[in-house]
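Starting off, we have a lone chain in the form predicted alone, written out as structure tokens.
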Amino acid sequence: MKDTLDLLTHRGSIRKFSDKPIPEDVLHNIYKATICSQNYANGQQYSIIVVTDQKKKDFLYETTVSPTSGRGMSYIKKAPIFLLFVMDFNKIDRVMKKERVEMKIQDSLEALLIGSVDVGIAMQAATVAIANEGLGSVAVGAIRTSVKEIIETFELPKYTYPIAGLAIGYLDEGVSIVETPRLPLKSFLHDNSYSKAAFDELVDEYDVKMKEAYAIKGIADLTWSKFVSNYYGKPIYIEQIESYKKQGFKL
């Protein structure tokens, strides 16, 4: 067992997995740790679809496109397991019907915030548990490029919505964890109120580190500032709004 702080501070996404099967007891430990994570009002408003069927992993690969590269991500179909995290108010609706109370949370933006935060917390717990068991993972938010198809393929009922996924497995031979530098700690922390002081200087320093990190990955002349400017310089996944409404939610 590894030290928790070490797991949290020395991590990296893994995109090359071996074919080694994951024992059931290891998976049980991961799933148990995941569902024990914090959640809003103990509503536990998420579900996890464990995707092991190769055809469905191939489907996810074919329909999920990286917004940065414009290509599919092969690790989705090559990972032994893909965990699809779904915001799930269907279970809440069923409980409320049992209690003869009408659910109203789906009529506010709060539903999306609650469900997304719950999924995020659960995914973080999963990544720590995965690393603790000696496996690797990579988060995939780009599943939202194919929300309509995912809803149909995985038969997601009303009041559910796919948020993100995790490809998990043992590291392929010769693969090691490469940590991505983060912005300096002081750029995240604000003393009692939000402060803009010194942020630009901290970003300049960080850009130098990230340019080196991108170069190691074979990407020349790219900084963090350029990357996020390219990524957030256009609206993405705007077609999701209609799929979201069709699942019974309002904004």
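Numbers for residues come from their place in the sequence shown, where the first is 1. Keep in mind the model is a prediction, meaning the values are calculated, not measured.
Beyond the structure shown, there is the form predicted together with a further copy of the same chain, which is absent from this document and is the topic of what follows.
With respect to a further copy of the same chain in the predicted bound form, the three residues K16, Y170 and I219 uniformly fall beyond 4.5 angstroms at the level of their nearest heavy atom. At a distance threshold of 4.5 angstroms between non-hydrogen atoms, K211 is out of contact with a further copy of the same chain in the predicted bound form.
Interface residue remark: D58 is not counted as part of the site for a further copy of the same chain in the predicted bound form, having no heavy atom within 4.5 Å. Taking the partner from elsewhere, I35 is found to have a heavy atom lying within 4.5 Å of a further copy of the same chain in the predicted bound form. Contact check for G233: a heavy atom falls within 4.5 Å of a further copy of the same chain in the predicted bound form. Contacts between 98-137 and a further copy of the same chain, taken as any heavy atom within 4.5 Å in the predicted bound form, involve K98, E99, V101, E102, M103, K104, I105, S108, L109, E110, L112, L113, I114, S116, V117, G120, I121, M123, Q124, A125, T127, V128, A129, N132, E133.
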